[in-house]
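Taking the form predicted on its own, here's one chain by itself in structure tokens.
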């Protein structure tokens, strides 16, 4: 089963559009650092029935490592019946992208988020090839981020085929052309979600971070066309993460 169908199936079966961003942040000098993996796995277990996927970033990958660290969390996600996404925003030359993708998929990840800035040939093409090689794993393109400075880069005008268009729309077009499994557009910019949705239609789902602590509103983004909502601190920093996850699930599923 292709990743896009896999996550959609889990989403429907659980009535959830919520992806947990498991971004627990600690340094070795912090109290409780050596139980970081156990804490992450406990939170994932608590909220699993209310989410359709888990996303892991550098906050866990750097201190825990890939094999025997983060890979154990990925294994737990699969035991709980949910897919795992690596949010490495991969952006390097082709041969490096190829080997990085292989390692992430060997560790069990079902999808990878990449930066389309590097282009296709000797850029992200190997990522898509490896995704096919590993049985239809997912490739999600970073299209418009959720932080305040996003417009400084993603709205830069790019001259293409006789006219100018903003960079984020060029990235959305690449998602269609390359056959991506999703695009990332921040919840703090619902008007951009609407523009991207108009281009992508129902072919490619929109993944939306920035809900909760960054101020993104689920309903506005759902109305604009988002399919999945990536929520981190508002869930895992809550006194009762499972209660917070359920609340977000209930708001997002209509």
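Model, not experiment: these values are computed from the prediction. Positions refer to the first chain, counted from 1.
Note that the form predicted in complex with a small molecule isn't included here; everything after this is about it.
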Check each of 34, 203, 213, 67 and return the one that places a heavy atom within 4.5 angstroms of the small molecule in the predicted bound form. 213
Listed residue that, although the small molecule is not shown, lies within 4.5 Å of it in the predicted bound form (heavy atoms), from 132, 165, 89, 102: 89
Do residue 142 and the small molecule come within 4.5 Å of each other in the predicted bound form, heavy atoms counted? yes
Give a yes/no on whether residue 175 approaches the small molecule to within 4.5 Å in the predicted bound form, heavy atoms considered. no
Is there a heavy atom of residue 231 no more than 4.5 Å from a heavy atom of the small molecule in the predicted bound form? yes
Hey, in the predicted bound form, does residue 192 get a heavy atom within 4.5 angstroms of the small molecule? no
Counting only non-hydrogen atoms, choose the one of 193 to 201, 37 to 45, 54 to 62, 219 to 227 that falls within 4.5 Å of the small molecule in the predicted bound form. 54 to 62
